[in-house]
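Next up: a single chain in structure tokens, the form predicted alone.
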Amino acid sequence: MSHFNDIGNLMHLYLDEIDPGEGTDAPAFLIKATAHLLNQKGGQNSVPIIVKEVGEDKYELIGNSFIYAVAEEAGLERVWCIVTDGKDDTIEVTQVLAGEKIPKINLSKASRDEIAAALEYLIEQPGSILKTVKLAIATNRIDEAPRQYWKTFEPIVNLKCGITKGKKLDALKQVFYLTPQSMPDTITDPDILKTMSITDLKAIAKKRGITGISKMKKDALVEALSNSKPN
């Protein structure tokens, strides 16, 4: 019986012991041409496949799926593999390092340079929906905004930086995620208040004892809250 004690080992495993999972979306030409080269130059994968052990003599592919596809096309019986612990964090890092998954940064805490690099990556993608966005303008406005309180990416639309609702806003989810802080009731800064939803504004206004809030539109709520003192 397996004791799952092969973690960290380089092993020469039989290909049919490995579940390829979703496989690769690499073009068939690249797979076939690389398999042909592999057979010509020695028939061994010098770059290992990354797997996790799921049972006795049973493994699951978690990284370098292109290499698995090449080995299969080349007719290899066995392939070199590195066995990992199979934890979710390990799988995520492995797939990012293998170029199979795009890493994301926390927009709530990201530095200006990190924001600029992520936006530049999106803008420069072939056929990018964000190709008309001015990098410097978008970077500055997002960096200076109270993004630590954002629960969604919607406030970016109000920054007037070329990123509008719909596909442009959705594109940001490829490289960013949020871990918002709780919005304090003490906020009176109108620039921060403008980034909040009208529901959140009304909730704060109610706590401060402001009357007539049910009929107020967003601009009126922002003005009332910016001129009022927290209880």
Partner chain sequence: MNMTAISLRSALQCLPDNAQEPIVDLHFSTQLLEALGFQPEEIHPQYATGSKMVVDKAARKTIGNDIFLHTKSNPYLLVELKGRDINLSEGSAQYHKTVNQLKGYLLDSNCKSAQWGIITNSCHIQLFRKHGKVVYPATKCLSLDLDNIDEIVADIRRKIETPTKALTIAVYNNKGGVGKATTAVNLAAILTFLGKKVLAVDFDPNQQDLTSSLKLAVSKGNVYKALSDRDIELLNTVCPYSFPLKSGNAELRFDVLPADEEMASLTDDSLLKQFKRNRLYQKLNTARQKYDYILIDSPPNWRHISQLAVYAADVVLIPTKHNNLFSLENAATVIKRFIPEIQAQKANGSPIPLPIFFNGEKITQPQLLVAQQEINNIIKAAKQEKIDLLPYFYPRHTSAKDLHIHQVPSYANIASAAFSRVPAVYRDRSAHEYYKDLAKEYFLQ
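Residue numbers count along the first chain shown, from 1. All figures in this text were calculated on a predicted structure; none of them were measured in a lab.
What comes next is about the form predicted in complex with its partner chain, which does not appear here.
Participant: E120, E72, E92, E100: which sits within 4.5 Å of its partner chain in the predicted complex by any heavy atom?
Facilitator: Result of the distance check: E120.
Participant: Quick one: from E154, D85, E77, D113, grab the residue that has a heavy atom within 4.5 Å of its partner chain in the predicted complex.
Facilitator: Here the answer is residue option D113.
Participant: So in the predicted complex, is its partner chain close enough to R141 to count as touching (4.5 Å, heavy atoms)?
Facilitator: Because a heavy atom of R141 falls inside 4.5 Å of its partner chain in the predicted complex, the answer is yes.
Participant: K109 near its partner chain in the predicted complex, any heavy atom under 4.5 Å?
Facilitator: Heavy-atom contact with its partner chain at 4.5 Å: absent for K109.
Participant: In the predicted complex, which of the stretches 130-138, 77-85, 92-100, 145-153 has residues with heavy atoms within 4.5 Å of its partner chain?
Facilitator: Stretch 130-138 is the one.
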